[in-house]
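Consider the single chain below, provided in structure tokens and representing the form predicted alone.
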């Protein structure tokens, strides 16, 4: 098998990859799903190891990456930074430069997951991934960090291609803030805004006043829509955005005021979010749309972000998308880590 032209490429945000490169991942993922255990795939990473740095725990992320490495003939090694002697602001230890250079001599790629409570300010996780990318000689893959979640975004698009067709232009996404006793990072919703707009979808982002996303992400999403002659709007009405929606993505996220004094003010965020009880995705709101699909990166806060009737209903594709994490991650690993 010839070396992929994506060999060695980092994946920190899909916005940094060309549309053609993203389609290549999706097409390979779709092939791998159809012919999952074919011999043409099962030795692509034979005898190779993928390091997984989990600053934060996960459900699907660890499972799907370990399965992906195994099905490609390799091995995914689980690492917890707290159990390693890494330099931090408060402790002595190995620098990112030294760690990245050494790990590059052991593994074929490095995945990093760093969310909410493991950072002291928004953007710190993104900076860490890019510092590793600066020094590492192997691909750095975001397994979700404070700004972006590229693997989740690609799994979403793979699901939409299956249910709505490969041409998503003109389809409307409603990306709506949701009620809940949570303080979730922006990574999944920002990745969705960026990636869905790359594929030509109209994008409406709905949220209560005070829950704005990263201005740079909004600016890039607007530009993506302009380039695709798609519509972009921000709404603060809980129902308006549902009108004409083909896809509804209902997710809680934190406010821009979440970090103060070098820490996440989680309890304050939860107290604030619980006031907006009307911001739950339910069947009545879904009826305003164009028989929309319901999509969510999971875990779902049922009864708050969305009702069971919608989350487990016939138009929900949450389990398809969760499965797709395995297939898109296999494709990413094959294209970026295999010679």
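Residue numbers count along the first chain shown, from 1. Fair warning: this is a prediction, and the values are worked out from it, not measured in the lab.
What follows is about the form predicted together with a small molecule, which we do not show.
Peer 1: Can you work out whether the small molecule is within 4.5 angstroms of a heavy atom in all three of 60, 152 and 325 in the predicted complex?
Peer 2: Each of the three qualifies.
Peer 1: Report the residue, out of 113, 198, 172, 161, that has at least one non-hydrogen atom within 4.5 angstroms of the small molecule in the predicted complex.
Peer 2: Checked against the cut-off, the match is 113.
Peer 1: State the residue from 288, 270, 298, 67 whose non-hydrogen atoms include one within 4.5 Å of the small molecule in the predicted complex.
Peer 2: Only one listed residue qualifies here, and that residue is 298.
Peer 1: In the predicted complex, which of the stretches 34 to 42, 271 to 279, 52 to 60, 302 to 310 has residues with heavy atoms within 4.5 Å of the small molecule?
Peer 2: Looking at the partner contacts, the answer comes out as 52 to 60.
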